[in-house]
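Only one chain is shown below, in structure tokens, and it's the form predicted on its own.
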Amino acid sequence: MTNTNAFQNGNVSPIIKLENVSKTFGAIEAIKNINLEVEAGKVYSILGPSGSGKSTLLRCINYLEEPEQGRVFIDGEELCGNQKLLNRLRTKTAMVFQQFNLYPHMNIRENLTIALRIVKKMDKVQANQIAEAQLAKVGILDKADAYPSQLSGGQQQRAAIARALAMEPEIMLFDEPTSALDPEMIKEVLDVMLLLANEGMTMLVVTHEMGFARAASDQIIFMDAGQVLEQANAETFFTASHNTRVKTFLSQIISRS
């Protein structure tokens, strides 16, 4: 997909840009003065200890959480309180959460087609065609008429990814998409994410899966205490970081694996 707004004066501009973004919850500073630029078609993995602000950062990007300070831009346009603009810019992004958030009273096909029919005003035939194509892509077309309770956790998360893809977003945001899964189900979800990465989808992924981060990421963003302490390409981050906090984090992760 060519991003027609990503080129200005012959230079590539970021598809996502954050300027001095901060968010607090009561007395807790969840993120502090975050500056970040995300290039279209690249994968950014966001790493760090629990409570470091990773999920809050992701939620500020599509204004699920509104920053108290700073500016957020999607495709060159600033997100703000204008609901009409916000709704339009949100169509460029899709978010996959830790929990699958599927409607339990609808089968998987209906979970995928409801937004297509309501938001995009598609007829049933067209919506079903798109739903089936995305379910085939994530490997669960045979589960289209099953209900969420009849699927494994990995299958439910793949259905959630297919639902997000059905809306044809330019950006995918993943908030620890494998953290609620049993170990044997993690690989099937990561394989789908690797497929998307290889197809050039712009992705920001909060994850504790170091193997995925190293294999799939163009950039690693490391956060601690609400701040970005380091941003580097994957190989540099994992093998040549000079940041003491990063070294400590990686040594603890390796010792537990």
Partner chain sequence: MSHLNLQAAEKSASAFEVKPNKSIKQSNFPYWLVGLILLIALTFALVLSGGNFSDAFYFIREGLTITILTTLAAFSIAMVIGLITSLGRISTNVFARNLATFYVELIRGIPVLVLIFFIALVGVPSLIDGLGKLADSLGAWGAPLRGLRNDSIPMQSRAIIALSITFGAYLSETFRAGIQSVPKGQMEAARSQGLSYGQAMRHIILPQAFRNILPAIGNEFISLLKDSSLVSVLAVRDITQLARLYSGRTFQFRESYLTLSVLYLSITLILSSLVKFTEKRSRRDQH
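Treat the numbers as computed from the prediction; the structure is a model and nothing was measured. Numbering follows the first chain given and starts at 1.
This next part talks about the form predicted in complex with the partner chain, which is not shown.
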Exercise for review: Answer with yes or no whether residue 105 is in contact with the partner chain in the model of the complex, where contact means some heavy atom within 4.5 Å.
Suggested key: yes
Exercise for review: Would you check, heavy atoms only and a 4.5 Å threshold, whether residue 147 touches the partner chain in the model of the complex?
Suggested key: yes
Review point. Using 4.5 Å between non-hydrogen atoms, is residue 95 touching the partner chain in the model of the complex?
Key: yes
Point to revise | Contact test in the model of the complex: residue 56 vs the partner chain, heavy atoms, 4.5 Å | key: no
Practice item. Please name which of the stretches 196-204, 218-226, 60-68, 29-37 has residues with heavy atoms lying within 4.5 Å of the partner chain in the model of the complex. Key: 60-68
Check your understanding: Using a 4.5 Å cut on heavy atoms, which of 130, 180, 85, 167 is close to the partner chain in the model of the complex?
Key -> 167
Practice item. Just give me the single entry in 115, 151, 79, 185 that has a non-hydrogen atom within 4.5 angstroms of the partner chain in the model of the complex. Key: 115
